[in-house]
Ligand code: BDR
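Quick heads-up: it's one chain on its own, the form predicted on its own, in structure tokens.
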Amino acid sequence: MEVRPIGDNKVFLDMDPGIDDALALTVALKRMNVLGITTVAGNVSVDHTFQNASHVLRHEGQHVPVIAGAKEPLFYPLLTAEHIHGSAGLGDYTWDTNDVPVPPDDAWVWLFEKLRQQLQPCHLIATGPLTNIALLLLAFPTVLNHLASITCMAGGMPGAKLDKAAEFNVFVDPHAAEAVFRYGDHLQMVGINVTHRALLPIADLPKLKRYGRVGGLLFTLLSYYGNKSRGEGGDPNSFPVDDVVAVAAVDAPELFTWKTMPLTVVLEGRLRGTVILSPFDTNRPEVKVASDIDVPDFLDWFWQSFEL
């Protein structure tokens, strides 16, 4: 696969780090011009997601603003994934630096101000529950004029065969996902029908040690995460790296097969968090939904990222 030039895409990241978010952040920093990061409660509390993003940036010698956002979903109590990501979100890793103060800003207000200061529309990649993005769209509808795309690691394509009943980000805050699908524009969704095909073999993790301080951190984090999530996707010797696939969708969209469809979300009951085709509301925006991925080329893209 041909290596593409770096810095073509200016992006903001909305995340809930989380180990696979930390990986997505690292790859995005290598592949794109990351202008800012907002964090949301999801895998762990928003205090932890803010600190985790800040620590990863400092560890990697990067100076990118981080702003904390929503502490809980729009209407439901927060559900976390500490059983996968560890009590603080990054396994059992401990930092040799102190936490940083959490700024008082609301992430969606900060994000709107930063987006409208840009000369050209920017991309927004969301890899956690969509609470911050929903609040951004509801509070500042004109933000759409400043967005080239909104790409969500969320849900699963309607009608696709999935290996689990619900995707975490949409299940945690289905009302936020519904608001994004209703009021967003230039939307892209990368769901677990695709991310659970893009599997990383556990046996390949030692390759990360070749990449110095950054690779050593990722080897530690992904070894923990891989042992917790191995088998998702059907291969007991591999594990999905969900969030970095959303980064690939913006940086290398040719890796994917896309379909367009209007989407809505089941908000409650046994099917809570299920993404379905909208049966009405013809003015609802069409969402570009990833239906397939070229896995060998994705893995080439993934490993090339650490050579940049």
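All values reported here derive from a predicted model rather than from experimental measurement. Start at 1 with the first residue shown and count on from there.
The protein also exists as the form predicted together with ligand BDR; that form is not presented, and the subsequent description refers to it.
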| Is there a heavy atom of M153 lying 4.5 Å or less from a heavy atom of ligand BDR in the predicted bound form? | yes
| Going by a heavy atom distance of 4.5 Å, is D106 a contact of ligand BDR in the predicted bound form? | no
| Would T127 sit within 4.5 Å of ligand BDR in the predicted bound form, counting heavy atoms only? | yes
| message | I'd like to check something about T38: if you look in the predicted bound form, is any of its heavy atoms closer than or equal to 4.5 Å to a heavy atom of ligand BDR? | response | no
| query | ligand BDR isn't shown here, but in the predicted bound form, which of 139-147, 181-189, 216-224, 167-175 has heavy atoms within 4.5 Å of it? | reply | 167-175
| query | Using a 4.5 Å cut-off on heavy atoms, what residues in 236-252 are near ligand BDR in the predicted bound form? | reply | D242, D243
